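In the form predicted on its own, a lone chain appears below as structure tokens.
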């Protein structure tokens, strides 16, 4: 253990939280992929267990390398990442692989791995927004000098994500608003941006509803109607999730003893929190919630201790984004929100989504590592 701790820097609590989430992920994914394994791999659950474990291992490798890089380099990298993300989002809309009636993925050649471009765009936009806000602090209240250059990329990226993935676009938009508020953008400007977003969404829905093109709007409408009609038999996913939660009780049925995994769609991804509660009970569910809240709390502490505005905004923006997504996923599982299709970060089975989550955590750790190094340098200077 001491040998490992020698090479990892940054907030040890976040490292611990990430490790615990990964362990939980392996246990619950292995339990919940039975139906998927019988459908595609002749019952070979070890295939998915090995694949998921390798993805997590690669993710921790990315986390390690991201935390070793000085976080100030991410300011420059955010420009390149955003310039890459925008055309990829456009390409996804036009030629993306359609899964569950949504064109959200591009297929990476050679390895044949699907890649959700909105994951890259989300990380890129948060980093870019932190960069823009930090560089314009001297005239942050200025409309043309600060707000407009910040508003344009936010609206552009969210608009490109919206047609295929409303929930991701909405969550990213809210994250950007929170970051802008923390970055001292004029509140009146933020309210105007919300108004622009609402009007833009209304225009988009009106155009699509009056056209002959198949779209996701019908899916959004059906999900909201099913959610509002609590007793609807059509709302199959939410009903099965509630059964899993109800039968889990306080202590759960035990690891690998889930029943609803055989009936619950996406038990290994979108509704994995229901599987967690069924097998580990309310105690397991509370433990998962606490892990995310600890992650957010440590992210806030890192942001407060960061000597530079960019590092502070970067840490708080990425922390908020990860925990906000986790809370939305858990709210869907307990039927507080309509179905969104958002995975539980670091827990749900996935590919590139886990990698981008690990990169985000690695960047937060990079800010933390730099904070510790600067504090150590200052102490040496003071003692010397």
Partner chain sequence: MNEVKKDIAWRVYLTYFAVCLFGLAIIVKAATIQLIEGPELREKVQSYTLKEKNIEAVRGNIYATDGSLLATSVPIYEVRFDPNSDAITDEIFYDEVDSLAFKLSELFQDKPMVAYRRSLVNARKEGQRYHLIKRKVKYTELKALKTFPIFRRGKYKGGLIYIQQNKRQRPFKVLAARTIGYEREGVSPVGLEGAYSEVLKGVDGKRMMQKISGGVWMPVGDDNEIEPEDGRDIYTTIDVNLQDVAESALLKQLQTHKADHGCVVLMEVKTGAIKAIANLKRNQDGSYYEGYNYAIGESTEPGSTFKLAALITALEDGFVDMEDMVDCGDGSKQYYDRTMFDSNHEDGGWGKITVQRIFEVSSNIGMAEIIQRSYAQEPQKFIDGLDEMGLRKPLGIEIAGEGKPYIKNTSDDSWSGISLAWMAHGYEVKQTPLQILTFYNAVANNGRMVKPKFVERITKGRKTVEEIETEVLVEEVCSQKTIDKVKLALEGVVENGTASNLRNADYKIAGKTGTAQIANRNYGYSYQSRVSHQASFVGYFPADDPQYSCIVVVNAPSQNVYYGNLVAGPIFKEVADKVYANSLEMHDPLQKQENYLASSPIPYSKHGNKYSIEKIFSELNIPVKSKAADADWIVTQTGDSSVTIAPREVQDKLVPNVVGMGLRDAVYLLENQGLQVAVEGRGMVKTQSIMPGRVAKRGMKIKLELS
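Computed from a predicted structure; not experimentally measured. Positions refer to the first chain, counted from 1.
Below: the form predicted in complex with the partner chain, not depicted.
In the predicted bound form, residue 331 approaches the partner chain with a heavy atom inside 4.5 Å. In the predicted bound form, no heavy atom of residue 60 sits within 4.5 Å of the partner chain. In the predicted bound form, residue 336 approaches the partner chain with a heavy atom inside 4.5 Å. At the 4.5 Å threshold, heavy atoms of residue 76 stay clear of the partner chain in the predicted bound form, well away from it.
Note on the partner interface in the predicted bound form: the residue among 95, 144, 137, 195 having a heavy atom within 4.5 angstroms of the partner chain is 137.
Interface residue among 91, 206, 286, 199, judged by heavy atoms within 4.5 Å of the partner chain in the predicted bound form: 286. Figure note: of the listed segments 243-251, 162-170, 148-156, 68-76, the one touching the partner chain in the predicted bound form, with heavy atoms no more than 4.5 Å away, is 243-251.
Contacts between 173-190 and the partner chain, taken as any heavy atom within 4.5 Å in the predicted bound form, involve 178, 181, 182, 184, 185.
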